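Below you will find one chain, with nothing else, as structure tokens; this is the form predicted alone, and questions on how it binds or moves follow later.
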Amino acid sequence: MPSRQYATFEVADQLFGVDVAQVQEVLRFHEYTRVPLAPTSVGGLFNLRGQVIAAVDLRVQLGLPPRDLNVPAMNVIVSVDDEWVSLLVDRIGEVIELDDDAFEPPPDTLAGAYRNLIVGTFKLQDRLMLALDARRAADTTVPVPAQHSA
């Protein structure tokens, strides 16, 4: 049975996952350079071994309040269109392997920014994992819809 590995993480106590093939690395970082006039979702820039990486606040992309960048953040660095982008998340999970047959479309109850960023769901033993579209999550040019309704 075909399966896929997902790197998991949490934002606002919700479990998300991205295809592990898109993940370059995961790290904690706390020194970001602000970008004047950038969208609110751009948390800043940082230097990773000589490469400048844009940090996108996934909380903002999901229509939630921005994170405090004075507190060390967890970064999931993904490859999007041959560029590295950091998704700022609350907590890092683990890499899990899920059967493709367990994939379900996003539930109708997802609204706002969640609906735009989620490509599907997986029912795990004790919770729901939302499969995130890394390309859309890293796109700061799209206006963020109103906060989702729970």
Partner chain sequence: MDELGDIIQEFLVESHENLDQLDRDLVALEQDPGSREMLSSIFRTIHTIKGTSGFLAFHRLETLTHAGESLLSRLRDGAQQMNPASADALLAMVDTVRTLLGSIEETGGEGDVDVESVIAQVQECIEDPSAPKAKPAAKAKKAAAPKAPAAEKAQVEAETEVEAEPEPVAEAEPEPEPVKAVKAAEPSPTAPPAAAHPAEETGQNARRSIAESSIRVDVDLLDTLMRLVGELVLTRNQIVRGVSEVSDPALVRTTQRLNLITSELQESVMKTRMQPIDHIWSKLPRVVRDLSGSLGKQVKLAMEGKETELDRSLLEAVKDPLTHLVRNAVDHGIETVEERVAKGKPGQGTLTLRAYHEGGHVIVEIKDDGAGIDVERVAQTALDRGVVTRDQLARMESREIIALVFQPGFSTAKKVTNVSGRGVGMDVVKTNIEQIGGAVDVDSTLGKGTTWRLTIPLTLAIIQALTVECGAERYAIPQVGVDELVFVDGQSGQAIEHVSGAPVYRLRGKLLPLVRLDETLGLPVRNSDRDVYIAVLQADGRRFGLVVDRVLNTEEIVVKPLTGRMKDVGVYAGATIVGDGKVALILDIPSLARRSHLAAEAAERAQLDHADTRPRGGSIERLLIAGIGERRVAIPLDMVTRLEEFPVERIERVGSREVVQYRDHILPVIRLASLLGCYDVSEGETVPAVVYTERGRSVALVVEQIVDIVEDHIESRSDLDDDGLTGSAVIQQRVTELLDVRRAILAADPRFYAEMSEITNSMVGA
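These numbers come from a predicted model, not from an experiment. Numbering follows the first chain given and starts at 1.
Omitted here: the form predicted in complex with the partner chain. The next part is about that form.
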(request) Using a 4.5 Å heavy atom cut-off, indicate which stretch of 35 to 43, 91 to 99, 105 to 113, 120 to 128 touches the partner chain in the predicted complex. (result) 35 to 43
(request) Tell me, yes or no, whether T140 is in contact with the partner chain in the predicted complex, where a contact means a heavy atom of each within 4.5 Å. (result) yes
(request) Although the partner chain is absent from this view, report whether V52 comes within 4.5 Å of it in the predicted complex, heavy atoms only. (result) yes
(request) Answer yes if any heavy atom of V85 is within 4.5 Å of a heavy atom of the partner chain in the predicted complex; otherwise answer no. (result) yes
(message) With a cut-off of 4.5 Å between heavy atoms, is L62 one of the residues that contacts the partner chain in the predicted complex?
(response) no
(message) Let me test this: is every residue among Q5, V18 and E25 within 4.5 Å of the partner chain in the predicted complex, going by heavy atom positions?
(response) no
